[in-house]
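Below sits a lone chain in structure tokens, taken as the form predicted on its own.
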């Protein structure tokens, strides 16, 4: 689906989302409810400038006090790997963007990422994964780290990583693997009205971060929820 088709399916009652380069901002109507819409699209990279613009907009919404949900549409490549961005400390700007989304959630705004294209590495972590809930459309292709990059970091061969990826989703890129780990809550059918899916999601209360639990249920991260709960139990016992 194109971004225009996605917006029309999400908001059949209308929207005023406008695009500026690879970024989009606006509002979508859902009956008595309005949803803030932010887009990082066009398959573009997220650099210092984009991270600042996105974070500034999210912080404005977080401080608005209106409590409306924030929907972040994502189709990016990776973080911008230019000398300028790296010298300016791109990692800090990406962290700032991620924390802005977390702050918005803490201020009562449901944050929902909708991944409809690609996204990788820091750009993926600071946008889609920083939202309280992440959903996707078929054909989306997320990856926290591709296998060649993982091979350079771990010093393991591509062949070894490919074998591990077959049995362990955390080693593998792609929509199905990220869904199995619990990172992606739902994959929506693009042939059905996306407005119904969004309305159903917003109608369900969100009680904390359930990604580790989903990963356990789906078999992609069998130990994460157990370990996290044990850490919390031990911390509470120590007062």
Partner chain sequence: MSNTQKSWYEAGARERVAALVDRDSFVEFVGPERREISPHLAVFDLPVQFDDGIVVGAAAIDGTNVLVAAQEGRFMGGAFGEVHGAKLTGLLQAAKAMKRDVVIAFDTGGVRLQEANAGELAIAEIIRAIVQARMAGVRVVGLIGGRAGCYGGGGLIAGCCSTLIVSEQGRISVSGPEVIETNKGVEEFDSRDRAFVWRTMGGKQRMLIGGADAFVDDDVLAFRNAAIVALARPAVLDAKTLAAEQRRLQRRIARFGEAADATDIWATLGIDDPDSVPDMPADRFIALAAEHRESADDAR
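Positions refer to the first chain, counted from 1. In this text, the rigid core denotes the largest set of C-alpha atoms whose superposition between the two forms falls within 1.5 Å. This one's a predicted model, so the numbers in the text were calculated from it and none came from an experiment.
Below: the form predicted in complex with the partner chain, not depicted.
Within 4.5 Å, heavy atoms only, one stretch in 66 to 74, 25 to 33, 172 to 180, 191 to 199 touches the partner chain in the predicted complex. Which? Looking at the other structure, the answer is 172 to 180.
Using heavy atoms and a 4.5 Å limit, would one call residue 236 a contact residue for the partner chain in the predicted complex? Residue 236: yes, in contact with the partner chain in the predicted complex.
Does residue 186 reach the partner chain in the predicted complex, with heavy atoms at most 4.5 Å apart? No - in the predicted complex, heavy atoms of residue 186 and the partner chain never come within 4.5 Å of each other.
Any chance residue 224 has a heavy atom within 4.5 Å of the partner chain in the predicted complex? Output for residue 224 is yes: heavy atoms within 4.5 Å of the partner chain.
Considering only heavy atoms, tell me if residue 116 and the partner chain come within 4.5 Å of each other in the predicted complex. Residue-level check for residue 116: no, no contact with the partner chain.
Mind listing which residues of 142 to 162 have a heavy atom within 4.5 Å of the partner chain in the predicted complex? Residues within 4.5 Å: 144, 145, 150, 152, 153, 154, 156, 161.
Taking the rigid core as the superposition reference, indicate whether the CA of residue 145 shifts 2 angstroms or more between this form and the one not shown. Yes; residue 145 is a residue whose C-alpha shifts (by 2 Å or more) between this form and the one not shown when the cores are overlaid.
After a rigid core superposition, would you say the CA of residue 117 moves by 2 angstroms or more between this form and the one not shown, or not? Comparing the forms between this form and the one not shown, which are aligned on their rigid core, residue 117 does not shift its C-alpha by 2 Å or more.
Tell me whether residue 170 is among the residues that move between this form and the one not shown (Cα shift of 2 angstroms or more, core superposed). Passes the 2 Å threshold, so yes.
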